[in-house]
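So this first bit is one chain, no partners, the form predicted alone, shown in structure tokens.
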């Protein structure tokens, strides 16, 4: 059995994930936002690599049931109904709707994993359910890839820590498990922090969000197991 962690999607070539089980993590904030939206009744979330692509994708859908959401430099994109805050993904805002989401790091990472089967969307917010699903997937396939959104094409502490927690959770009881270097590094990172809140708040992303008056998003994202759903990305949409 083998687990590969990728700190960003940049090193992935076309076809690298085809047919493999994949988990995508962008804890601050895209995957937390997606999990919250699906848990609160969104019909689907469609990730877009850019805001321009989001507008184009939304234009091809029925307008009544579509909500544009996204951020650039942490702030809601002008003209979009919602930003990338999980706190905005209330039942009143998203239930029964298709959310077209464009973010700086998370949605490009999701788009890069097309071809994975399945592609699970993970965050601290659904961690227990995610770990159970990922463990079953590893047992079935013998192989799992964890792809982190990263931060501006570089290592992101909050994503690597979450990946490490996931590796630790699903490796229990498995005698022979091969880890790539990034997976070993993520696993070692787990011991550096006492809990989710400490790890996430220590990140550069958390400081940037605080500067944008979005520190409450960090607190929201750092509370584990809010939801029991594990969204799946397939055919360009997350359900």
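Just so it is clear, the structure is predicted and the values come from calculations on it, not from any experiment. Positions refer to the first chain, counted from 1.
Although it is not shown, the form predicted in complex with a small molecule is what the next lines describe.
#### Entry: Interface stretch in the predicted complex with the small molecule - options 104-112, 129-137, 89-97, 161-169, non-hydrogen atom within 4.5 Å
Every other range fails; the passing one is 104-112.
### Message
Can you tell me if residue 209 lies within 4.5 angstroms of the small molecule in the predicted complex, counting non-hydrogen atoms only?
### Response
Residue 209 belongs to the contact set for the small molecule.
### Query
Counting only non-hydrogen atoms and a 4.5 angstroms cut-off, does residue 28 reach the small molecule in the predicted complex?
Looking in the predicted complex, residue contacts with the small molecule include residue 28, since a heavy atom lies within 4.5 Å.
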